[in-house]
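Next comes just one chain, in structure tokens: the form predicted alone.
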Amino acid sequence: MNEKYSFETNCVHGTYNPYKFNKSRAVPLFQSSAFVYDSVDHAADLFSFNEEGHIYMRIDNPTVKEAEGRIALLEKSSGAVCFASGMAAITGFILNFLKSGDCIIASNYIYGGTSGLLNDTLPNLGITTVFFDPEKPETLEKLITKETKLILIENLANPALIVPDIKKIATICKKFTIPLAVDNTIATPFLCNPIDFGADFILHSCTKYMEGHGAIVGGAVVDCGTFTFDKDKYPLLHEEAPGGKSFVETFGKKAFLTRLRGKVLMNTGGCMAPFHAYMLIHGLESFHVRMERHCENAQKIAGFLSKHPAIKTVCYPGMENHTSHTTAGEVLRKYYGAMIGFEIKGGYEACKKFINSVKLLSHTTNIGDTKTLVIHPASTTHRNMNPEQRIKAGLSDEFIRLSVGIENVDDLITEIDTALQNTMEDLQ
């Protein structure tokens, strides 16, 4: 982070300098697929990444660059590359340095889309995954083999809201010289900077709290600049870069992001659209203000649900009975996030009746919106998991996920209470 300014000020100003863009106070939208080069030599230097500048929208764009710089600032990291979605970001991240024969060790508690990537898509490319319980970091070391090239965990894991002991896991990763990547989407840099606990890479779905209004999709890969890629273990980072030398030799600490941009984005095309970056920047300017209301509302609603006769269990790290409550108090700042899980008495039928009866709460798959959103994960977002995997992820068939918005909390509680009462009456 820019040490001169606070988190809040960096949210608002980022890396943007209006005097470099015709003194425009608002960050401009550069809706251009191509950029003009000064000369043949200038073009060659740009394509070799020997000179700063813009080549083509698929690789970079001035508006996207500001979004990347702002995210890197908020995560106190050396740089970031934005993608078309969170799933594009994690896919690009993995393809940038893993190859056929490599193995990932991932948390049991992980987003359903990520689980699908690890279980369904990557095995076709020869990249396998084994899973571990992040609440038992001592089990991780026993799973590591010479094929293990990445440890992947999720902070405030969706939907069980597990907060792993990042520091303990990072210590094991460093012992075996394996990078640790943390999906920080739900925690956000407002609640936690994984770099403070030893993470090497941070992943984000910018679709969620960062943009915050459910208007875009986007993702980001953040490089903490802390991991050194051994040539024998990670040969892709030692491939020849433009100019004849390897990426590591040529770009040093910038090697990973340079290859990610120059190889993965160039070859797969999963770039963030400039308009989405423009909307993301607007969202980030109020990000810190919104997150306080999100979290305050969630804490109050969780407390209400915990006392409701129609509720079987409440899953929220701010509750003392949550398995991650102690760790969350150590890893997160002040708040416990804006996601709540809860089980209704009456099983799946009760879930359907509750969700079908709410009006103020929107039934949709997204999270991190200013509006409060509700969904039944087992039949939607985590449907690609088999029943055993869902149980390991802390996800039953009677589990409902609530993404708490920034509305008046009393209005939300009244709406939830009415829907619960109607559900219980219908089932009697």
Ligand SMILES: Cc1ncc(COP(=O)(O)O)c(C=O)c1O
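What we label the rigid core is the largest C-alpha set whose atoms superpose within 1.5 Å from one form to the other. Note that residue numbering begins at 1 and tracks the sequence as displayed. Nothing here was measured: the structure is a model prediction, and the numbers come from that model.
Omitted from view is the form predicted together with the ligand, to which the following refers.
- 218 is the sole member of 189, 212, 218, 134 with a non-hydrogen atom within 4.5 Å of the ligand in the predicted complex.
- 367 is the sole member of 378, 367, 46, 27 with a non-hydrogen atom lying within 4.5 angstroms of the ligand in the predicted complex.
- Residue heavy atoms within 4.5 Å of the ligand in the predicted complex occur in exactly one stretch of 290-298, 203-211, 265-273, 349-357, and that stretch is 203-211.
- Shown alone here, residue 257 lies farther than 4.5 Å from the ligand in the predicted complex, counting heavy atoms only.
- In the predicted complex, at least one heavy atom of residue 154 sits within 4.5 Å of a heavy atom of the ligand.
- Within this chain, residue 86 lines the site of the ligand in the predicted complex, having a heavy atom no more than 4.5 Å away.
- The ligand in the predicted complex comes within 4.5 Å of no heavy atom belonging to residue 122.
- Along 43-74, a non-hydrogen atom within 4.5 Å of the ligand in the predicted complex is carried by no residue at all.
- Core-aligned CA deviation for residue 382 between the shown form and the other one: 2 Å or greater.
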